[in-house]
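Okay, so we've got the same protein chain twice, two forms, each given alone as structure tokens, structure 1 and structure 2.
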Structure 1
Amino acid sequence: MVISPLSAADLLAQHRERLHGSLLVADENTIELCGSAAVPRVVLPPGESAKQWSSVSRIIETALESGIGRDGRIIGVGGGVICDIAAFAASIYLRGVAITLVPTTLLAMVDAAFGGKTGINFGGYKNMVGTFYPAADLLVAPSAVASLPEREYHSGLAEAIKSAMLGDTELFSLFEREPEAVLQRESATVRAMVERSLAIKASVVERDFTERGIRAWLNLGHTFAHALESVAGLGLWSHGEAVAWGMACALDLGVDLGITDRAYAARATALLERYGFRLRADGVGVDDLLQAMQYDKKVQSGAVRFVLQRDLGLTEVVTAPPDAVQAVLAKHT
């Protein structure tokens, strides 16, 4: 893994040996960040709707036409969408060629590009088809966040705050102490957020690559968030916004169940508020949210389970009684 002050294009140029025999995959926004390297490329439309089979077949067709062999590589330059699609295509093309990821959103830098989960959406469900296939290398240029639309940057902040909650007191304090530097995307601050979030994710993923145990901790707030995303419909809540809302719900649920330290819950909730996250989903129905959670339950063939925290860095997965979940949802809608 390389985390560099260079731009994404300069970072790619610095590692030009990786460009030989490779196929570049980007979207219409991130292709601008790739520089002028003369390599075959696939440029996909931006956004979640590209996470589908047709994008994967375009990549595979172009790889074939360009003669990318088993010793070749795919280089994904973009946000979580491009990282997930490019890495999935790399994992199945010729039974697997190397994948280099150059994440360009804050969310992809702190989360999506690292950890080996790849995938596309299928049949209306998110990430329904995919593989575990870690990147052969990760080239991170935190300066790429400078051109991110405000909402995309804000969405990534939620995942970085989640990393701090999972186990980095120093990063948590940085968020408390330096909101201006964080919100103004000061380069040293963004770099610290990226390095520290990746360190937290690495410490979890190294112990549980295929998510049979503690990797589920990374889903703090996500059971609530996925329900909100599916009920509220696309666009009204970004993934990060939904995760921030979900973490506030998880903190409250933990307090109500006598698990979460009340002072910690108040501190973490205040932090989410300080960064402007909405902690109430006005107009969203509690019953609809509960029903959406049943889908999670079906997939996992068990009760709905929640990632809760006792305190900063003390995380566990618990099965919560439905009435407690209902009460928390009523408070946050």
Structure 2
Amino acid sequence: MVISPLSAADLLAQHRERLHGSLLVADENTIELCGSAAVPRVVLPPGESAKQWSSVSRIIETALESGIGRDGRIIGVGGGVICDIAAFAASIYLRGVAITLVPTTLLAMVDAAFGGKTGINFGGYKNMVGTFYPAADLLVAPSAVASLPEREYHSGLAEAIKSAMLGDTELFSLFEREPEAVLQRESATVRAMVERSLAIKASVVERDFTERGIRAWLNLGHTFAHALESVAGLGLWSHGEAVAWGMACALDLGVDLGITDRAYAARATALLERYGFRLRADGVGVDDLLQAMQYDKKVQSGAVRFVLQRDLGLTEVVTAPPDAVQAVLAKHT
């Protein structure tokens, strides 16, 4: 992993040796970062709508036409969607070629690009098809965050706050103590968010790469979030917006079940509110959300499991009575 003060374009240029025998995958917003190198490329539309089989098919077809061999690589330059699609395609093309990821959004830097999860949406449900396939190289340029649209930056903040909740008291305090520096994207603050979030994720992933146990903690809020994204329509809520809403739901569910400390839940919810996240999904049907949860990847023996917390850094996965889940959803819709 390389975390560099260079721009994404300069970082990629610095590692130009990776371009030989490679296929670039980007979207219409990030292709300009790839420069004019004479290498084959696939340019996808931006956003969640690209996260489907047809995009993977385009990548594989272009790789075949371009003669990318087992010793070649795919280079994904973009946000979480591009990182997920490019890595998934790399994992199944020729039974696996190297993948280099150059994340260009805060969400991708702190979460999507690292850890080896790949995937696409299927049947209207989030990340239903995917693999575990870690990037051979991860090139991170936190300076790219400065040019992100406000909503995109905001989306990444939710995942960084989640990282803090999972066990970094200093990062959590930074969010409470320095909201102006966070919101103004001060370079040192952004770098700290990226580095500390990656450290938290690494500490979990290295102990449970294929999510047989504690890696599920990284899905704090995600059972609720993925259901919301699916029911509302993929892309209508950004992933980070949905995760923030989902974490608020998880905190309330934990309190209702006597698991989560009330003072901690109030503190964490106040932090989400301080950064302007919507904690109500007005107009979304509770029954629809409950049905979508049945497709969550943490379902075991027909029971939906939720990642809840006792306190900051104290996380566990539990099943919950349907009526308790329904009550929480009613509060947040």
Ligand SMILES: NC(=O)c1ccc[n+]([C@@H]2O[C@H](COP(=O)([O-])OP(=O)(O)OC[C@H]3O[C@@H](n4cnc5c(N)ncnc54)[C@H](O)[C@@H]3O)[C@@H](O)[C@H]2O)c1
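By rigid core we mean the largest C-alpha set that fits within 1.5 Å across both forms. When a residue number appears, read it as a position in the sequence of structure 1, where counting begins at 1. From a predicted model like this one, the values you see are computed outputs, not experimental measurements.
- Shown second, as structure 2, is the form predicted alone.
- Superposed on the core, the two forms differ at residue 123, whose C-alpha moves 2.7 Å between structure 1 and structure 2.
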